[in-house]
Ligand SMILES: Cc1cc2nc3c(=O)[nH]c(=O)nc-3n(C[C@H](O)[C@H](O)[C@H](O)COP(=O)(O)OP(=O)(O)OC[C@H]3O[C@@H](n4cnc5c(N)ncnc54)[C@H](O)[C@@H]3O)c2cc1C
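One chain comes next, on its own, written as structure tokens: the form predicted alone.
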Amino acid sequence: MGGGYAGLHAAAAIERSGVPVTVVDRTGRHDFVTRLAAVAGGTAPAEDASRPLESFVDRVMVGAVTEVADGSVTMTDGRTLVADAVVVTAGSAPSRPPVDGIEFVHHLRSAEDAVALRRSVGNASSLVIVGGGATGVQLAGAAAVAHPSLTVHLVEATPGLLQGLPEAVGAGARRILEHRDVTVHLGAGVDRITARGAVVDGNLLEGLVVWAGGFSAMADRYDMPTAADGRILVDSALRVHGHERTFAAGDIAAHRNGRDDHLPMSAQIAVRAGTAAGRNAVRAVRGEPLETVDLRQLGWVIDLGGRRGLAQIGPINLTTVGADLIPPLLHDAIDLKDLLEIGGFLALRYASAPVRSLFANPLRCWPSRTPQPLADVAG
């Protein structure tokens, strides 16, 4: 259930085991979440935002799920799908804080959001991004590179960017953004949003407002046991509490590491958790003992566009001038690794634009998984 990073990695693990698997997804497309800021900002083409799920998995059912039981899901059209095991990977949605005028903001969480925002940013004279986390920082960096005449404001309520990462990473982000004439507002509060812009600490910042202030899982909509933050409670094998044949992985699951610390919502965790949940689902189908899953956040890689980025890998921070050339390469390498894992070598034809430019002719010659042309993401 869900065709994001966790869902496709779960499906790939199940397919490799020889067990039939169906991916149920609301849109029928896989959104490359780590590429969305580049698409929305204008440094990557719209086609980089998503691809049809049929490009990666054999059986896909398009539709929304309203209820999840142990071993079954119910669709909005009334159909109930029964299986030997279910893996819930429905992801997360942008948070909607109680800010006056929140209905005026744009969000960036899906390919649809990215394509729509891409058009709006291209027609705007000023952009106000609320939230200095990874999404906000990446969008500010991409928009400033693609649209040098665009006025960009990045508003963050805390004293630094990229909170939760080493201070040097946030400082590196600020250095790169300010070099691109992005105005960074730290320790700034949003009073309200209007049709003209955002009122920040009493001052109106005019422009298109994008809310990048976090995400929530809201798994309680499926009547499943949840933690205080709305994520599904799972055990050490990623099985949903109180269930025998239902697993959860990715942003929607309350993942913990070996020290019982909550892990953040990230593509890295989603990929590894999805694979592990898929493998344990196969074990459940075959009546085999489930394996304990050891998850941990290994670091962060953030591409700011313009061949600059930031990374924190274990104790190593790549944030200084010169070292900031490496993270975009790591970002592309991770993207390629994920494509190989979910679709094999044929999936490399769906690599991001920078990689396609390096291997244009070979990638064009490779056949697609399905003979039908790719759908237009804007349509």
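What you see is a predicted model; the values in this text were computed from it and never measured. Numbering starts at 1 and runs along the sequence shown.
The same protein also has a form predicted together with this ligand, omitted here; what follows describes it.
Against this ligand in the predicted complex, the set 2, 109 and 267 is in full contact: each member has a heavy atom within 4.5 Å. Distance criterion of 4.5 Å from any heavy atom to this ligand in the predicted complex singles out 64 from the list 316, 325, 333, 64. Just one of 311, 339, 44, 33 comes within 4.5 Å of this ligand in the predicted complex, counting any heavy atom, and that one is 33. Only one segment in the set 153 to 161, 130 to 138, 168 to 176, 278 to 286 has residues whose heavy atoms sit within 4.5 Å of this ligand in the predicted complex; it is 130 to 138. Contact annotation: residue 89 falls within 4.5 Å of this ligand in the predicted complex, judged by heavy atom distances.
Under a 4.5 angstroms non-hydrogen atom cutoff, this ligand in the predicted complex lacks residue 59 among its neighbouring residues. Shown alone here, residue 219 lies farther than 4.5 Å from this ligand in the predicted complex, counting heavy atoms only. At the 4.5 Å threshold, heavy atoms of residue 12 stay clear of this ligand in the predicted complex, well away from it. Contacts between 15 to 30 and this ligand, taken as any heavy atom within 4.5 Å in the predicted complex, involve 24, 25, 26, 27, 29.
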